[in-house]
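Only one chain comes next, encoded as C-alpha cells, the form predicted alone.
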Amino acid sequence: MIGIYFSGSGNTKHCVERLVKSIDGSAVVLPLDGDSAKAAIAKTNLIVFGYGVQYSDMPYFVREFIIENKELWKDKNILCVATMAAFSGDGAGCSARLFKKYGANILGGLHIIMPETICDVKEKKGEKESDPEKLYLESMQYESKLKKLAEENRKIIKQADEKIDEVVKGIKKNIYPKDGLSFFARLAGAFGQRLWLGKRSHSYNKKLKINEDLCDGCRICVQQCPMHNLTVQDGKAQPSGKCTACYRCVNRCPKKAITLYGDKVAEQYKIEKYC
C-alpha cells in the first residue's frame, strides 16, 4: 500500500497520512507533485489517492496527472480520498470515474470535511481605512473571530480524524467507504457546483496577483509552488499563468503579498497551527 496526495495547505496530506499509516505503519506516503510518485505507483497494487476538491471537482493538475499517466492505472486497486470545506457531491467520484476508464479497480471513495484554506478576501467597495479608531475596533473584532476560528478548525480536524479512524476499522475488515461514487452523488456534484462554477477547474488559473509593494522577493512562494509557476525577477515574485489554485503560496507568503480570488489576505491557513 502507498498513499499519494496533492495537498495545498496540508489538509489532504494530513488525512492520507493518517489513513495509510493507521493501516500499515511502514507504508510510503508521497506527494503527487514529487519526483518519486510515479515510480512508487508503478510498483504497488494498492493506492490511496487523495486531493482537495475545487468546485465539486478535482484540481486541474490532478486530472492532468491521471490522464498523462494513464498506463499506470491498469489493474490497480484505488481508494479515492477527497477533502473539502463543506460540500462536493461526488468529489471522490470525479477521479474514480477517470481511474476506472483506464482500467483501475475502485475500492471506494472517502469524503472528509477539513477547514477552509482560502485566505484572501474581496475589498469592500468604498471602504475607508484612514480612521485610526475604526481600524482599532475592527482589528479587535477580527482578533476575536480568529480565536473562534481556531477553535472551530481544531474541532473540524478532530472530527475528520475520528471519521478516518472509523474508516480504517472497516478497511481492516475489507469494508470500504463509498462516498461520492453513486449516481445521485454525481448529480449533486454537477448541479450543486460544477455546472455553475466548474469551468474554474478546467484549466490552470492565470489570475494570481502579486502586490509588489509588499513582496520582498524572499522566494518562499517559488519553493512552495508545485507548478513552478512563480519566479523572482528584479526582486519581485512573478506568476507565469500556470496556477493550480492550491493556495500554498498565498497561505505561506510571510508578507501576505499574494492573492488569487480575493484582493487582500486575511488570516493565512496552516494546518500545523491546529494539530
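All residue numbers refer to positions in the sequence shown, first residue = 1. All of these numbers come straight from a predicted model, not from anything done at the bench.
There is another form of this protein, the form predicted in complex with a small molecule, and it is not shown here; the text below is about that form.
Novice: May I ask you to choose, among Met84, Ile164, Ile171, Ile156, the residue with a heavy atom within 4.5 Å of the small molecule in the model of the complex?
Specialist: The residue in contact is Met84.
Novice: Even though the small molecule is not shown here, does Gln54 get within 4.5 Å of it in the model of the complex, heavy atoms only?
Specialist: Residue-level check for Gln54: yes, a contact with the small molecule.
Novice: Would you classify Ala245 as touching the small molecule in the model of the complex, given a 4.5 Å non-hydrogen atom cut-off?
Specialist: Residue-level check for Ala245: yes, a contact with the small molecule.
Novice: Spell out, yes or no, whether the shortest heavy atom distance between Met114 and the small molecule in the model of the complex is within 4.5 Å.
Specialist: Yes, Met114 sits close enough to the small molecule in the model of the complex that at least one of its heavy atoms falls within 4.5 Å.
Novice: Though only this chain appears here, would Ile118 touch the small molecule in the model of the complex if you measure heavy atom gaps against 4.5 Å?
Specialist: Yes, Ile118 lies within 4.5 Å of the small molecule in the model of the complex.
Novice: Where does the small molecule sit in the model of the complex: which of 103-111, 71-79, 86-94, 174-182, heavy atoms within 4.5 Å?
Specialist: Going through the listed ranges, the match is 86-94.
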